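Take a look at this one chain, the form predicted on its own, written out in structure tokens.
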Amino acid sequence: MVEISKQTVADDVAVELLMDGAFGPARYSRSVWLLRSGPPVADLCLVLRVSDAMLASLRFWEVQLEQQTVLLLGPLAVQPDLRGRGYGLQIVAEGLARAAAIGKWPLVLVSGEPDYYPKFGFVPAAPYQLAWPGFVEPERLQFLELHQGALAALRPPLRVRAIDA
């Protein structure tokens, strides 16, 4: 049976091993990590288990989009040999539902696979001319509205930065 729960301190080592397996140690050199300088949003750090085995993890971070705080989704990690079985879909859907229920953030931003995230309602961020710290392929940047009208209120070009930057 699939169980999705908040990540605890006891999960830290297993989550790091999961992310190493999914992304390798070079993950910290990706530009998206420049936005993850503070702690992740604790209520949105999730793990997915089946029979007590951790199969997936998901974290969210707060970032600045001009003058507003929005969520940055990721990293999403699934055991490499279990990809394609729906575990990523389940944990992302749960994370987005929890973020929407909290109601604090108008938007979610992701730097991810262009073909994966639209199934959750994400749309390309390219029209919003995001200034991103470091290199990123523009087609990987996508937005999801948590508050209706949040995208229409944006005035490009926009700068994304870490909360403490």
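Everything numeric here is computed off the predicted structure, so don't read it as measured data. Sequential numbering from 1, following the sequence displayed.
Same protein, other form: the form predicted together with a small molecule, not shown, and the subject of what follows.
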Legend entry - Candidate stretches 63 to 71, 105 to 113, 31 to 39, 127 to 135, one within 4.5 Å of the small molecule in the predicted bound form by heavy atom: 105 to 113
Legend entry - All of 121, 144 and 150 within 4.5 Å of the small molecule in the predicted bound form, heavy atom check: no
Legend entry - Contact flag, residue 27 vs the small molecule in the predicted bound form, heavy atom cut 4.5 Å: no
Legend entry - residue 98, heavy atom within 4.5 angstroms of the small molecule in the predicted bound form: no
Inset, instruction - State yes or no: in the predicted bound form, is some non-hydrogen atom of residue 140 no more than 4.5 angstroms from a non-hydrogen atom of the small molecule? - result: yes
Inset, instruction - Spell out, yes or no, whether the shortest heavy atom distance between residue 22 and the small molecule in the predicted bound form is within 4.5 Å. - result: yes
